[in-house]
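The data below hold one chain only, encoded as structure tokens and taken in the form predicted on its own.
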Amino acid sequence: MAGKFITLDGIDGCGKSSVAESIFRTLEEQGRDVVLTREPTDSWIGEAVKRSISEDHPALTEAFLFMADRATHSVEISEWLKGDKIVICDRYADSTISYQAASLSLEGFDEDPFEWLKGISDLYVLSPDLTILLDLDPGVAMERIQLREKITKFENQDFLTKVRENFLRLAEMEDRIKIVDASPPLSAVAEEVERVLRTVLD
């Protein structure tokens, strides 16, 4: 069996990380050779990404740090795929395009930041076999986020509304992106994601 690269994406509060862990456990129980990874990574570059967010650096700085982290991460993902592993990635390039395009827009970036970021991304990133976009109304997302101990600068409703628009714009452009409603309980969302996964794994 050839390796498969699956990414999960969506706005903050959509339950993406919980769903990623759920399907990882399910695939492991099925005896599949599966890896769960995420972005930002735990590498020094990924730590720089997290620091840039917490210290409120310019959006362009953050965008380049995210892309640098991904460039290194992509090499690691390629090796896993060569070993015929199923790679599940919690956030990937679509997040950078969607979030950083929204941030750059707020800072008055001259070009269309969405197209600019997508153009750079298309030059070097590995294209996933399947991307699950967990779609959620930003108002509902904010209700979930308020339960967290720490809230990032990205987690406000107006900003997440723009990010969601960018994700949906990508979904219209990319056949690999399948939209799953993230508003039901986690177990129901995970079940639907597993159903969609079977279209590329079986």
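Each residue number is its position in the shown sequence, starting from 1. Predicted model only: the values in this text are computed from it and were never measured.
The next section is about a form of this same protein that is not shown, the form predicted together with a small molecule.
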Open item on the list: Only one of 23-31, 168-176, 36-44, 132-140 has heavy atoms within 4.5 Å of the small molecule in the model of the complex; I'd like to know which.
Closed with: 36-44
Open item on the list: Does the small molecule, in the model of the complex, lie within 4.5 angstroms of each residue among R91, S95 and Y99, using heavy atoms as the measure?
Closed with: yes
Open item on the list: Although the partner isn't part of this model, could you tell me whether L60 comes within 4.5 Å of the small molecule in the model of the complex, counting any heavy atom of the residue?
Closed with: no
Task: Exercise: I53 in contact with the small molecule in the model of the complex, heavy atom 4.5 Å - done: yes
Open item on the list: When the contact criterion is heavy atoms within 4.5 Å, does F154 count as touching the small molecule in the model of the complex?
Closed with: yes
